[in-house]
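Only one chain is given next, in structure tokens, and it is the form predicted alone.
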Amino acid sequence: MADSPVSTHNPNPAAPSDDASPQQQKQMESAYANMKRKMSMQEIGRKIKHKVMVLSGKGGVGKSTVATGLALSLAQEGHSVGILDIDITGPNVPKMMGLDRKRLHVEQGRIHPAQGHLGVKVISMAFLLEDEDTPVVWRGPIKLGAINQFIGDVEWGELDYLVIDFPPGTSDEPLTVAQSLPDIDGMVIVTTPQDVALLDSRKSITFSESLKVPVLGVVENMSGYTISGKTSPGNDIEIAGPGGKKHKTTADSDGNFNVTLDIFKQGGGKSTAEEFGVPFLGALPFDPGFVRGGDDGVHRIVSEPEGASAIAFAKVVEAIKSQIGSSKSQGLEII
């Protein structure tokens, strides 16, 4: 009887091979890890119903504040939500979510997100830093590898929405996510009313076309600062605003009044959206409470869920939800 043939098939491509050199073995392990991660990304694409990218053309427009506000507003409505902080060099989301110095739990090679206010799941580079003052000095390939790990190696579970917060600009990070994560619903572009921010937001809208990801719309942040007060019923009030502009109003029957001052102009986000033929999702007020909330780790939506800012965020969320489904991403090929 002839000897039975011996199979040379290796069921685990990453397992050691007698004939492989150390360099070949390392290449096989890397290829196997990439294959598993790609499969995981596909599975994540199925488990997460909606994926929303939040971008801005420039820094300082409150993009992370808006991203966390959208996530919290969605959670407040009863949705299961995650937020992925892709800003590798300047991650701020954990601090805004009250998760300072939190460490991530890793089990069987899978990263489990931290949980913030209203049950929102959070992944951020900040969780991996021993010292918050330590700079992340990484070249592009290392940075992009970390982003792929944040997407493919995280145990998000079943989510209704994943909000993805990016660093300012149109560069490697959004391109990597658009290539890696399937079925992205679209981008939310954050701007402020002044011309410099609007110029850069236009670039973000054009950038979306090259990524084949729809623009869900433009949000105008820091749109106006409202002054409220109380006086005698029916009293006429006059307040001097920026540039010497006079704002007049009359107190109501209870003596309450409010006046909105256009600190950074007004309406630029809406006009930009109209110019490019994309939806205008709404305006968010200039609210000093966001500054305190960001420092204290208690977002304005959490501290004042019935306040003016929370109401404004809820309107923006409803506008986003109305766009999702009517405009679906074609998506780039996953690499």
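If you're wondering where the values come from, they're calculated on a predicted model, not measured in any experiment. The first residue of the shown sequence is 1; numbering continues from there.
Separately, the form predicted in complex with a small molecule exists; it is not shown, and the next lines address it.
If the cut-off is 4.5 angstroms on heavy atoms, which of these, N92, S180, S80, Q76, is the one near the small molecule in the predicted complex?
It is N92.
Report the residue, out of G152, P113, P168, P214, that has at least one non-hydrogen atom within 4.5 angstroms of the small molecule in the predicted complex.
If I apply the 4.5 Å criterion carefully, the residue I get is P168.
is_contact(G282, the small molecule) in the predicted complex, heavy atom dist at most 4.5 Å:
G282: no, not in contact with the small molecule in the predicted complex.
Considering only heavy atoms, tell me if K63 and the small molecule come within 4.5 Å of each other in the predicted complex.
K63: yes, in contact with the small molecule in the predicted complex.
So in the predicted complex, does D87 come within 4.5 Å of the small molecule, heavy atom to heavy atom?
Within the cut-off, so yes.
Classify G59 as contacting or not contacting the small molecule in the predicted complex by the rule of any non-hydrogen atom within 4.5 angstroms, answering yes or no.
It does: once the small molecule is placed as it appears in the predicted complex, G59 has a heavy atom within 4.5 Å of it.
Taking 4.5 angstroms as the heavy atom distance cut-off, pick the stretch from 220 to 228, 250 to 258, 180 to 188, 155 to 163 that is near the small molecule in the predicted complex.
Contact-bearing stretch, as computed: 220 to 228.
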